[in-house]
Ligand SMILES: Cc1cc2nc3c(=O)[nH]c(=O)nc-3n(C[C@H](O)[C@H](O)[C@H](O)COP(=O)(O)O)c2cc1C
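In the form predicted on its own, a lone chain appears below as structure tokens.
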Amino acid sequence: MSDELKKYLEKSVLCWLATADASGEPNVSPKEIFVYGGNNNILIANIASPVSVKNIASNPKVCVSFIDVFEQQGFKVKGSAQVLKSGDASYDSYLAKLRELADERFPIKGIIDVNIEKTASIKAPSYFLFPDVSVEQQVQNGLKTYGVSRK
């Protein structure tokens, strides 16, 4: 996993997990508790993900995307996922990593372990339309557009 991908993974507040069932019916859902697992994998807390879990059981191919909303760039990761439960190998050490982000108030029912097979950067179309715009200008434009400020 590249350092740049890790950087965006760490500073993104949501990721989106795309799955498909055995017949190919797609599903995408936001996930807020996720970390780099340390073994070319991404760990995602299963807090309220019954459709994602069901889909992974029949079709382990997934796509995870995450971006910095103000920079308007990030990454798309494709790979194979498995759902780990208490008692499975690595579960306790992976749970400890996720608990660094979320305490016991978040009911982690399992861990979606995504083995990274392919990565690609994601950039907003404005990066291609206006190639002279810097990342900082992109951030400032986003802050202005959405009427927010960064601390």
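Please read all numbers here as calculations on a predicted model, not as lab measurements. In case it trips you up, residue 1 is the first one in the sequence shown, and so on.
Form predicted together with this ligand: not shown, discussed below.
For the options 29, 126, 119, 90, the residue carrying a heavy atom within 4.5 angstroms of this ligand in the predicted bound form is 29. Interface residue among 143, 133, 22, 14, judged by heavy atoms within 4.5 Å of this ligand in the predicted bound form: 14.
Among residues of the shown chain, residue 64 is not one whose heavy atoms approach this ligand to within 4.5 Å in the predicted bound form.
In the predicted bound form, this ligand lies within 4.5 Å of some heavy atom of residue 48. In the predicted bound form, at least one heavy atom of residue 52 sits within 4.5 Å of this ligand. Put simply, residue 33 is close to this ligand in the predicted bound form: some heavy atom of it is within 4.5 Å.
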